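In structure tokens, one chain follows: the form predicted alone.
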């Protein structure tokens, strides 16, 4: 069950990305002050990529950041369609986060092997300080798709039948993604309107099942909001 959701609407995607970047930096500093580290789960996709480029130009205590991924595609380690490659190119290669504090999902090993390897990393890391997620037109998030059934007690799932290519993926579970102090959804574009409407009406979509320990914020651009 989701907490009270803070729906934040912005005129343009650019304004979302700048605001989210600013909030991430504030949360990071708070976590470092309180607990000595900032554990951040990254999302894939075009919307986060643009925001990551803002982050890459920011000042932060990068040595205390720990980076994880919400999901990954089963592709070669240097494939440009991997979330880890996108995040590295847009953000991680430009800041001084120690390499041993960046935990990529090793999907080059195969579905089961990488899921097993990441499971222990996730279990050791939780709770996270911030999870960043997007949403597809069908209401999926990370690689959690409508109609798929998973073991609710697990923290990492192997995916063999993704409706979006590639079919094989590894994803954090609802349980893992919800074990975070803060959860941000970044959602942009008119093609998301139907899913947003269904979400607000409480329909059974993967995004609806994910919650946060403290704050859940959905950042929407004007185009994504149902104007009817």
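Residue numbers count along the first chain shown, from 1. Everything quoted here is computed from the prediction, not taken from an experiment.
Here the subject shifts to the form predicted in complex with a small molecule, a form of this protein not shown in this document.
*Asks:* Is the small molecule in the predicted complex near all of 35, 39 and 175, within 4.5 Å of a heavy atom of each?
*Replies:* Not a single residue of the candidate spot has a heavy atom within 4.5 Å of the small molecule in the predicted complex.
*Asks:* Even though the partner isn't displayed, in the predicted complex is residue 131 close enough to the small molecule, meaning a heavy atom within 4.5 Å?
*Replies:* Residue 131: no contact with the small molecule in the predicted complex.
*Asks:* Against the small molecule in the predicted complex, would residue 83 count as a contact residue? Criterion: heavy atoms within 4.5 Å.
*Replies:* Result yes; residue 83 sits at the interface with the small molecule in the predicted complex.
*Asks:* Please check if residue 104 has a heavy atom lying within 4.5 Å of any heavy atom of the small molecule in the predicted complex.
*Replies:* Residue 104 lies outside the contact set for the small molecule.
*Asks:* Could you confirm whether residue 157 comes within 4.5 Å of the small molecule in the predicted complex, counting heavy atoms only?
*Replies:* Residue 157: no contact with the small molecule in the predicted complex.
*Asks:* Go through 161-169, 60-68, 24-32, 195-203 and give me the stretch that gets within 4.5 Å of the small molecule in the predicted complex, heavy atoms only.
*Replies:* Answer to the contact question: 161-169.
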